[in-house]
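What follows is a single chain, given as structure tokens, in the form predicted alone.
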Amino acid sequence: MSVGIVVVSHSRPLAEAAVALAAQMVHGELPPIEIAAGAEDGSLGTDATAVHAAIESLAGADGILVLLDLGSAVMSAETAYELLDPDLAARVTLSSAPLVEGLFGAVVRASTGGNLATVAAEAARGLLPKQVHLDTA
């Protein structure tokens, strides 16, 4: 199995749209992607147990990259990470990459067989094209 990706966001529609955008760049099989977004009642929010479940559902992947939006998404992901079995946690990376741009790069790189380190690195470079274009790099 390839690298799996978990998208953690306060908003399920935002996460679904980001995944749909990234998926348009892949001509072939998408990497496994799980979304942990929004509260159970559909309102905005994050849930560490949902993040934990999303990560565990990708336990068969060679590695798992977790992309986050902001604020409590970070705390929920950290809590979920701390509750993982150590063997699984060793194959999980929490990314500080920007959610949309990072997801875009991660999905493309994972779809071409990148390992966790290269997928995470591609996500981390997510803002670079925009920074270069706007001369803010």
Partner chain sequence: MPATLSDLDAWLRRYAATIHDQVAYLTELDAAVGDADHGTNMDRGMQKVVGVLDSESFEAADALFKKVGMTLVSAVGGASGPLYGTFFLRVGTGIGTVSEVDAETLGAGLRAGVEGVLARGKAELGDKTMYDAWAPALEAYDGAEGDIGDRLTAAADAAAQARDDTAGLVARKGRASYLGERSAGHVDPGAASTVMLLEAARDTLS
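Residue numbers count along the first chain shown, from 1. Quantities reported herein were computed from a predicted structural model and do not represent experimental measurements.
Just so it is clear, the following notes concern the form predicted together with its partner chain, a form of the same protein that is not shown.
Visitor: Hey, in the model of the complex, is Thr79 touching its partner chain, heavy atoms inside 4.5 Å?
Guide: Yes - in the model of the complex, heavy atoms of Thr79 and its partner chain come within 4.5 Å of each other.
Visitor: Using a 4.5 angstroms cut-off on non-hydrogen atoms, would Glu101 count as touching its partner chain in the model of the complex?
Guide: Residue-level check for Glu101: no, no contact with its partner chain.
Visitor: I'd like to check something about Ser111: if you look in the model of the complex, is any of its heavy atoms closer than or equal to 4.5 Å to a heavy atom of its partner chain?
Guide: No, Ser111 sits far enough from its partner chain in the model of the complex that none of its heavy atoms falls within 4.5 Å.
Visitor: Would you check, heavy atoms only and a 4.5 Å threshold, whether Ala90 touches its partner chain in the model of the complex?
Guide: Ala90: no, not in contact with its partner chain in the model of the complex.
Visitor: Which of Ala48, Ala59, Leu84, Ile35 has a heavy atom within 4.5 Å of its partner chain in the model of the complex?
Guide: None of the other options qualify; the answer is Ala48.
Visitor: Identify whether its partner chain in the model of the complex is within 4.5 Å of every residue in the set Thr118, Ala121 and Leu128, based on non-hydrogen atoms.
Guide: Verified in the model of the complex; spot residues all out of contact, no.
Visitor: Which among 22-30, 103-111, 35-43, 59-67 is in contact with its partner chain in the model of the complex, heavy atoms within 4.5 angstroms?
Guide: Among the listed stretches, the partner-contacting one is 35-43.
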